[in-house]
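As structure tokens, one chain now follows by itself in the form predicted alone.
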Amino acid sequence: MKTFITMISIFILFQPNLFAQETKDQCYNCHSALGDKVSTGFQNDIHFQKGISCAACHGGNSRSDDMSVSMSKSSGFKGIPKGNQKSESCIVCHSNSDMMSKYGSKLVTNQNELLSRSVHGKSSIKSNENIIQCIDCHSVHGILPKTHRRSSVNPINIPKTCSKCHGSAVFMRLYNPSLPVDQNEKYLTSQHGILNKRGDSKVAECASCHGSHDILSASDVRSKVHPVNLPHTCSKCHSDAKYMKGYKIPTNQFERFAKSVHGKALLEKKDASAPACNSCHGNHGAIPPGIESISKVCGSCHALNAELFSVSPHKKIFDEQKIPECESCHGNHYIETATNKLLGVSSEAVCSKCHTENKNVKGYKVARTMRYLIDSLDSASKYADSLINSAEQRGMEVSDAKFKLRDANQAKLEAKTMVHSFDEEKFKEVVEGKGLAVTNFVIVEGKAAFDNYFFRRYGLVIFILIITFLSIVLYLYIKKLDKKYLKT
């Protein structure tokens, strides 16, 4: 008896049409009676729940159970929509705010307008239809509200939905062969992807960064993922303390980044080559801060610095003590311009964090010497520049010396790189051998120009005095001759 009841229960459970409700939609009633896949899926469709007939998309007369009437051309039956007809059926209602209100919908009605301007709204290779249609993302005959966890556009499912096209090399080759097709695989390795896979619908997925209907190419300056806009896109979540509550990470990253040398270049000067969030954290495979690989990312731009550090005495110690490399001295989001104050043994110098007069003394002495050398080069460079400019303003020819002074500025840049070797001799070679040698030469040239200037000025004065004296003498002599001539 127990076995019989179980079999009956299983039979009932796997008969989806058994409880299908009879509606006034004769299209549905017939298809439901047939038990086809379309009607089975449509039972849970939001449109079915709202009482929208099959005829809304397919045309025809849904009130007649006579196929010759309901599916006649005179009734407007379209059959299976082709090409852009698929989306046009959706647009009829979804672009009409009155129609949407009628069904109690609060959805915006500009999706088609946004989609037509997006990268997906372009013509496909068939030319008679757009690259994607509404149903490509929202599915068909089983469309669920975005908030439903089984919806294809629910945040939990969006990566899988997007990867249907973006994970297909064959499909993507048709439209943008340069785009990688492993974004979803990378995403699943990211913290966003890991949490999304666990069912966290708050973490970033494709639409969080790229948008939904309004997706633009990343190279478009209006795109949410264009380098100049990306920090703002990330900060929508990462600067929202209420939204980020529970993830136990700071929410001041954007604020600090905006004040950094990178942030000022990117956000104020609009330098798209400056680092954005994804330059260090990655984009689809974004990884959290604080792990070793993040610090190595700096070397992808600052290659020479990274190379010098890798053979420096610090490298081994940092590795042994698991100290983050670049960010230990420069920070992470708030990276200041590398000025002289970071070097040395003063309280504001980063070297003083580890090196004092009594602790790690060798490094303390090296840091102190390096700071002295770079300050000396700075002072000499400023003095040489001032001397040359003053001489030039006095009309002296100093163009060669002025041009040569550029080498001193280049030496300062080299010194800022060489400091990552933490090798006093190599640092001194750059500062003294290149920088100070040039500034000394320029200072000598400047002083010579000034000497020449004063020689000319004093010579002119002496010449004028001599001429004046001779003129007076000549005048008196002539006057004397005139008196002598009058007496005779």
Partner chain sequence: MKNFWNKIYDWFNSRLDLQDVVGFIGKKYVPVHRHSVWYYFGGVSLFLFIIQVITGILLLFYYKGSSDLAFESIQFIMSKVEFGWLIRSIHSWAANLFILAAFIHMFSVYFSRAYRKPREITWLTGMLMFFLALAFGFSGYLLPWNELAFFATKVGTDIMTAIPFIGTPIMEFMRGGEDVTGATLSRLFGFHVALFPGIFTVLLAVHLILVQRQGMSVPIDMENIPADEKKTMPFFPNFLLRDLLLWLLVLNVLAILAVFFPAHLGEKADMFAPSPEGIKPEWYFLFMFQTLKYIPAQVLFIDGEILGILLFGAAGLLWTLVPFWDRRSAKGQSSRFVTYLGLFAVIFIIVFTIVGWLA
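Positions refer to the first chain, counted from 1. This one's a predicted model, so the numbers in the text were calculated from it and none came from an experiment.
A second form of this protein, the form predicted together with its partner chain, is not displayed here; the remarks below concern that form.
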Just checking whether residue 37 would be counted as a contact of its partner chain in the model of the complex - the rule being heavy atoms within 4.5 angstroms. no
Residue 176 within 4.5 Å of its partner chain in the model of the complex, heavy atoms: no
Residue 460 within 4.5 Å of its partner chain in the model of the complex, heavy atoms: yes
Decide whether residue 74 counts as a contact residue for its partner chain in the model of the complex under a heavy atom distance cut-off of 4.5 Å. no
Thinking of its partner chain in the model of the complex, which stretch from 189-197, 234-242, 390-398, 132-140 has heavy atoms inside 4.5 Å of it? 390-398
Of the residues 426, 58, 456, 47, which one places a heavy atom within 4.5 Å of its partner chain in the model of the complex? 456
If we check its partner chain in the model of the complex, which of the residues in 52-71 reach within 4.5 angstroms of it by a non-hydrogen atom? none
